[in-house]
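Next up is one chain by itself, shown in structure tokens, the form predicted alone.
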Amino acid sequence: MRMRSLVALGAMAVVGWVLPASAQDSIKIGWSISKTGPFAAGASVTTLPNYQVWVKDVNDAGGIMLKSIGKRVKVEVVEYDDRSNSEEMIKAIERLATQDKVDFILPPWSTGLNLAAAPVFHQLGYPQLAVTANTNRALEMTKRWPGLSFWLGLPSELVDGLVETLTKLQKDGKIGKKVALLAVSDQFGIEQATAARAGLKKAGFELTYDRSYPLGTQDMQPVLKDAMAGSPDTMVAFSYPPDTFGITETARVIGFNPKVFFVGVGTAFPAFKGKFQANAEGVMGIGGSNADLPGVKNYIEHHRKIIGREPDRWASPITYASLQVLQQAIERVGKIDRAAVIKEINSGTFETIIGPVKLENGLNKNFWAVGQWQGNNFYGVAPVAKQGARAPIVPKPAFK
């Protein structure tokens, strides 16, 4: 793979990497991703590596088959760094469409950036596979913008899995009803905490602590000490990766050991297990995977060989699966016809590493709501009825 520089757009750093395919015989795909700024930690684990693995896999296989010209064509990539800034991201998306004239655009990382990008993708006529976005407005938005799809479940669905898990544990006598709830004051945290607050109260749980904290908070001790004061059986934190690591480390240092310790995004990252080692055992978070599923098992090893590290156990497999869906939709249409590709994505059934995927009103239903570190894998524990669901380990072993 060789590198070439492109003209910078405003403050954005930009790199275009072109794979061996002549201009007339390539499919040009672009993305704007957070390579710097507060979202870089998540994007560099979940999103960008999977874009890179998929592009390599497609081109190693000879490219994407276009029936209209009777041959496979390789993928050419144009990439921008949005610096975790919505204005920079929107400028990059517009440039990709109007100046770079890419055939397809892959989505940014985070709920906030994907929601900001949605009307732009729609106006420009591109499908938007918003994997790393969670909003209870998803059905309203996919109806308004048919090219938009969501892949990780609604906040209400993720919370349903959490409440299902906690309710069973409470009925089994493993936990009480006291819950401490905290969330990052960003779109993701607001959406998840709102759904959790309603779901937990409806299920009869008592919120002993319910606070948000600013994005970028470095010192988690004041927040956790206040949460700890209520002696909760369960702590739930809807946090971004840096916060997830900070909350867990702080809890270890101050000896905060609720029976259920739930944090995330970032809990499913291999780096979480790498940092906390035995202290990761029993920690719960959003998502999960069935690492025993052949497609997922092979994907984990394949990702490790190409990127040099394992993928996270939540959104990474689904990100790769969404790209498999995009490729299959393009090949079924047989030409670069974005409107037809959108229609196929919304109506078709696709074989992916996570199993069959068929969107319902623009929503993927093949996802995990709650996972837990058990040994060396972050296994899905809810929905309980989902194939491969593990029984949760509760109480969580005390931090050492």
Partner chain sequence: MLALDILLSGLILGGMYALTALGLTLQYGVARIMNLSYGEFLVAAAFFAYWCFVGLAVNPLVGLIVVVPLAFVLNWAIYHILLTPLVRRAKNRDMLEVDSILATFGLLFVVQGVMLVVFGGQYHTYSFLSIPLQIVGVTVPINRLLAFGVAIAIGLAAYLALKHTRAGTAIRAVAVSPESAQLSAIDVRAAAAFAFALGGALVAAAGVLVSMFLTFSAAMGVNFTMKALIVVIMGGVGNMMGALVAGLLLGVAETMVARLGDPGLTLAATFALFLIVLLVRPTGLFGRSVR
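Model, not experiment: these values are computed from the prediction. The term rigid core refers to the maximal set of C-alpha atoms that superpose within 1.5 Å between the two forms. Positions refer to the first chain, counted from 1.
Below, we turn to the form predicted in complex with its partner chain, even though it does not appear here.
**Message:** in the predicted bound form, is there a heavy atom of its partner chain that lies within 4.5 Å of any heavy atom of Lys28, even though the partner is absent here?
**Reply:** Output for Lys28 is no: heavy atoms all beyond 4.5 Å of its partner chain.
**Message:** Quick check on Phe269: any heavy atom within 4.5 Å of its partner chain in the predicted bound form?
**Reply:** Looking in the predicted bound form, residue contacts with its partner chain include Phe269, since a heavy atom lies within 4.5 Å.
**Prompt:** Is Ala41 close enough to its partner chain in the predicted bound form to count, meaning some heavy atom within 4.5 Å?
**Reply:** Flag for Ala41 set to yes.
**Contact of Gly37 with its partner chain in the predicted bound form (heavy atom, 4.5 Å)** = Contact with its partner chain, yes.
**Request:** Heavy atoms, 4.5 Å, its partner chain in the predicted bound form: which of 242-250, 148-156, 85-93, 121-129 makes the cut? Say which one.
**Result:** Heavy-atom contact with the partner occurs in 242-250.
**Request:** Name the single residue among Ser212, Thr167, Thr194, Asn257 that comes within 4.5 Å of its partner chain in the predicted bound form, judging by heavy atoms.
**Result:** Contact check passes for Ser212.
**Message:** To verify the annotation, which of these, Lys202, Lys143, Lys305, Lys225, has a non-hydrogen atom within 4.5 Å of its partner chain in the predicted bound form?
**Reply:** By the 4.5 Å criterion, the partner-contacting residue is Lys225.
**Message:** For the three residues Asn346, Thr349 and Arg390, which mark the spot I'm curious about, does each lie within 4.5 Å of its partner chain in the predicted bound form through at least one heavy atom?
**Reply:** No, none of Asn346, Thr349 and Arg390 comes within 4.5 Å of its partner chain in the predicted bound form.
**Asked** With both forms fit on the core, has Arg252 moved 2 Å or more by CA between the shown form and the other one?
**Response** True for Arg252: a C-alpha shift of 2 Å or more.
**Asked** For Ser212, is the CA shift between the shown form and the other one at least 2 Å following rigid-core superposition?
**Response** Where the cores coincide, Ser212 still shows a C-alpha shift between the shown form and the other one that is 2 Å or more.
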